[in-house]
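We begin with a single chain expressed as structure tokens, specifically the form predicted on its own.
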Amino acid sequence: MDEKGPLDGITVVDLTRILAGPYCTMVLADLGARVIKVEEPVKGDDARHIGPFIKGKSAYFMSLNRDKESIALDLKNTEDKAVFEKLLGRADVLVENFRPSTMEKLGYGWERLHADYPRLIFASASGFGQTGPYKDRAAYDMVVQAMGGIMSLTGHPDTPPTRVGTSVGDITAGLFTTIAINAALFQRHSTGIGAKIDVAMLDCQIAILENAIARHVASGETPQPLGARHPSITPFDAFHAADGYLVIAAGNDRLFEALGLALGRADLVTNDLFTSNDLRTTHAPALKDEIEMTLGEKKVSHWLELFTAKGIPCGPINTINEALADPQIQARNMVVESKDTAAGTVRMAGNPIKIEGMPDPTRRNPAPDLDQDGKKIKNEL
């Protein structure tokens, strides 16, 4: 394997902005691809103007665009279009997340691109996809979280609708687009022909509903929010101990027995209400009351140490600062740094894909300033 990463030698022309597309191209860059970010002159990616800011620079933008190059091009300008087309002639992948038909209006629809650059892989990530009655609608993360059903499952019973705490609408679309691009690159290796990829944020929300769809199909009922509890595995929840919460995930009868014994509550294991997972799920509130009655006698740290020693899946409910400081996260290089000329040293999430022989540096190249690499790229062309 090439020590620079499995996508070393692949060039990605990146027309994306905000989150879904830039997340996709960041993963491609992490895997070794060269990513050339084509931005609108003067303004650039909208994310450059979204906070929080560090010394006037967007930490949000910096966290999504590390290890990329930037060139500013106006795709309505004849000279800039000529530069863009030379880029396409050298590119393996073009990624965009405009509304459908935008690329056609710019003169770069799939039919033209495929005719002029038959090996080019053209990936589009949009709110609702390139087809269907909603294709021309605008979408942001919260819109697809709401329409895709995930907000109806999130939160506690009888509370207002709750958005998932991270932008899973954008991020899942970015990840599915990355998967599709890698599959298309593999296919091109044998066919020599590029492909058109169409990923919709709303589709991706449906794709990750897993248990909720299974429950609806099996029972005909409409799943509702359950707080932290798993809908069909028990005990699998957040529980209160003497000084706070912890999570316990006893996913089978063996683990439940181990939990009961660790709690000193063998009676729970033999209780007729709790002798199978189905029964435990049916009587989940009663079981939670029993478990919390015992957990309340000691602190979270005591129970975590005991359960971990017994092989019972459990964990603390970390705040973000606690998660970033966790020794496992540190050992896995999941907090990396980049040195920005204006903002200084900026910490951000690392690459979760670990491949033997692929570098996983602790320091990454910073997100580029607007048009930072424009002159260099034009000279190359």
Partner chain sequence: MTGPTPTKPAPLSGIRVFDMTRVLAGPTCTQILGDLGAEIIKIERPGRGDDSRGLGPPYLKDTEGKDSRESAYFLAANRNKRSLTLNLTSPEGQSIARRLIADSDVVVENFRAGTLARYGLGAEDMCKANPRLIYCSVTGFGQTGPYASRGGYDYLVQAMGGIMSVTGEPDGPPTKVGVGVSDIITGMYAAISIQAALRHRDATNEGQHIDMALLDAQVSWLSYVGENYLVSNEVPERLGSHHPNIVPYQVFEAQDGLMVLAVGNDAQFKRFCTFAGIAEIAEDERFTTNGGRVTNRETITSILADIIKTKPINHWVDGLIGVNVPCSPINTIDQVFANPQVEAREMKIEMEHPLASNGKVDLIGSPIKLSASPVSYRHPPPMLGQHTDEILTKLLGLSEEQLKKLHDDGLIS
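Positions refer to the first chain, counted from 1. Note that the coordinates shown come from a computational prediction; the quantities given were computed from them, not determined experimentally.
In what follows, reference is made to the form predicted in complex with its partner chain, a form of this protein that is not presented.
With its partner chain omitted here, the record of contacts in the predicted complex names 226 to 234 of 77 to 85, 289 to 297, 226 to 234, 265 to 273, defined by a heavy atom within 4.5 Å. Its partner chain is not drawn, but in the predicted complex it has a heavy atom within 4.5 Å of residue 152. Taking non-hydrogen atoms only, residue 70 never approaches its partner chain to within 4.5 angstroms in the predicted complex.
Contact between residue 344 and its partner chain in the predicted complex is not found at the 4.5 Å heavy atom cutoff.
Taking the partner from the other structure, its partner chain in the predicted complex has no heavy atom within 4.5 Å of any heavy atom of residue 42. Between the options 258, 306, 242, 213, the residue in contact with its partner chain in the predicted complex by a heavy atom within 4.5 angstroms is 213.
Contact residues in stretch 192 to 206 (any heavy atom within 4.5 Å of its partner chain, taken in the predicted complex) are 193, 194, 195, 196, 197, 198, 199, 200, 202, 203, 204, 206.
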